[in-house]
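In the block that follows, a single chain appears as structure tokens, in the form predicted on its own.
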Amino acid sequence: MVSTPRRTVLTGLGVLSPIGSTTDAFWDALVASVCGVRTVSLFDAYELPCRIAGEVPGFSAKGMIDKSYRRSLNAMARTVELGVIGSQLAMQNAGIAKGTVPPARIGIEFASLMGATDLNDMAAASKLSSPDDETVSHALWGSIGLPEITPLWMLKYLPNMPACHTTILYDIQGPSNTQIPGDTSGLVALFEAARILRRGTTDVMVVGGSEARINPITLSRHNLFVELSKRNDDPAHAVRPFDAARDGTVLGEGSAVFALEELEHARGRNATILGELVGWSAGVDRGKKGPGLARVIRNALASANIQPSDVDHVNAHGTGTTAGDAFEARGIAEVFGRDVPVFAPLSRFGNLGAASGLMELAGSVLALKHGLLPGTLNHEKLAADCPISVHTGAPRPVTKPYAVKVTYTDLGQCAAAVVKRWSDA
């Protein structure tokens, strides 16, 4: 007798984003075409070529975190704070309180990268170790510099800290892991969580991604090595996915966290189901030519047992970079041609790195739930090297039950997820 595979459903969502930090606010902003890209305010970025980004306005972890865990904020960088608060919001949205799921039956998969050090954490040590204010003396660094650095310094910035703090906050004793393959990290975390659920190891998985890229070190580095938009005088229209006039992306910050749950467990507690994860795939398109990405998308469709014609829309990464958009469009077009609309939400909040995949996916999950697909922001004229059909303008009705989320990294790593509109039928 062949057993029926355990189905995986999405029962909670927490978002902290430049366009809204509740699920309802995030969705309302998507429908209203609100853009959260603005002039950087977290520090003085005036000297940088690109000084615009997607910041989470008014974010205060101290005002949001569970009071029992507030003291731990001293050991959290902003990336970690965003991840932990996002997890808290997702669990609240799912209606899962600490202790309501046996600790060994709940796990976590998180996407995060090494955080950039806050300048203040290194300022005193650097000053003491630089007698001429230019060159760092290794001898002085070892003798009088290091004592100025807090013993918890490294623990503030490690990629696994969002997951670690969340496991403590919610007494999560099931599988715990952190994924780090750049912009694909969030989807990779989602896929691994689904595998854990399907093999019966847990009943609930917290799946999230967080990134805080708006700091002097990270933004300066990306200005040197990444194609960032120079539309500093018009930030709301800076990122232009698949557009003929695109000139680069912008960075963003935030977190997106889902509660992923085995279907019968969710039904047993009368949970509200947002959607179902039905297929996925990951791989590499070395050289970023397109066929490798197309293969990953086809594999995801095959794992969901559907055809391209079953898909309502493709949710693209759509960074607004010259080479990136052309590569992604080639991969999508090889599978869907121009028959399936493409929705690219990143232009609303910037490239969130490890948080991008799940934040963008949240847009499609909510679109399927509400039966309405928002338009892509800032796409005016289709670029000749992007042979796809981009959905723009007013929201349109969702007409088919499936959406495909696509993402990739600059190294050619690719991932694709298939989500389905929830129905008891």
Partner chain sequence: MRRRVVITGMGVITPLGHSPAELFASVVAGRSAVGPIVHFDARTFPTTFASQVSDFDLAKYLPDAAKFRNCGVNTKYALAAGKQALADAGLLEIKGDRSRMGVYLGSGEGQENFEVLTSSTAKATAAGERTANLREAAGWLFKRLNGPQEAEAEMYAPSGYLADTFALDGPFASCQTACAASSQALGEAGEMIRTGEADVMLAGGSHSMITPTGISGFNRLTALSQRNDSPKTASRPFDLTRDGFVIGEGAGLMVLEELEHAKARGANIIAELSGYGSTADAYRMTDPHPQGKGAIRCMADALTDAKLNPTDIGYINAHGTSTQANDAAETAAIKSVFCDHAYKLPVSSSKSMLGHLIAAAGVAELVISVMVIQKGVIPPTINLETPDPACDLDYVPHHAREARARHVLSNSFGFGGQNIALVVSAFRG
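What you are looking at is a predicted structure, and each value in this text was computed from that prediction instead of being measured. Positions refer to the first chain, counted from 1.
If you look for the form predicted in complex with its partner chain, you will not find it shown, but the lines that follow are about it.
Figure note: of the listed segments 237 to 245, 318 to 326, 81 to 89, 159 to 167, the one touching its partner chain in the predicted complex, with heavy atoms no more than 4.5 Å away, is 159 to 167. Its partner chain is not drawn, but in the predicted complex it has a heavy atom within 4.5 Å of Ser220.
Its partner chain in the predicted complex comes within 4.5 Å of no heavy atom belonging to Arg267. Looking at Ser229, you'd find every heavy atom of it more than 4.5 angstroms from its partner chain in the predicted complex. Using a 4.5 Å cutoff between non-hydrogen atoms, Gly95 does not count as a contact of its partner chain in the predicted complex. This chain is displayed alone, yet in the predicted complex one of Gly337, Gly142, Gly200, Gly99 has a heavy atom within 4.5 Å of its partner chain; that residue is Gly142. Contacts between 133 to 167 and its partner chain, taken as any heavy atom within 4.5 Å in the predicted complex, involve Asp133, Glu134, Thr135, Val136, His138, Ala139, Trp141, Gly142, Ser143, Leu146, Pro147, Glu148, Ile149, Thr150, Pro151, Leu152, Trp153, Met154, Leu155, Leu158, Pro159, Asn160, Met161, Cys164, His165, Thr167.
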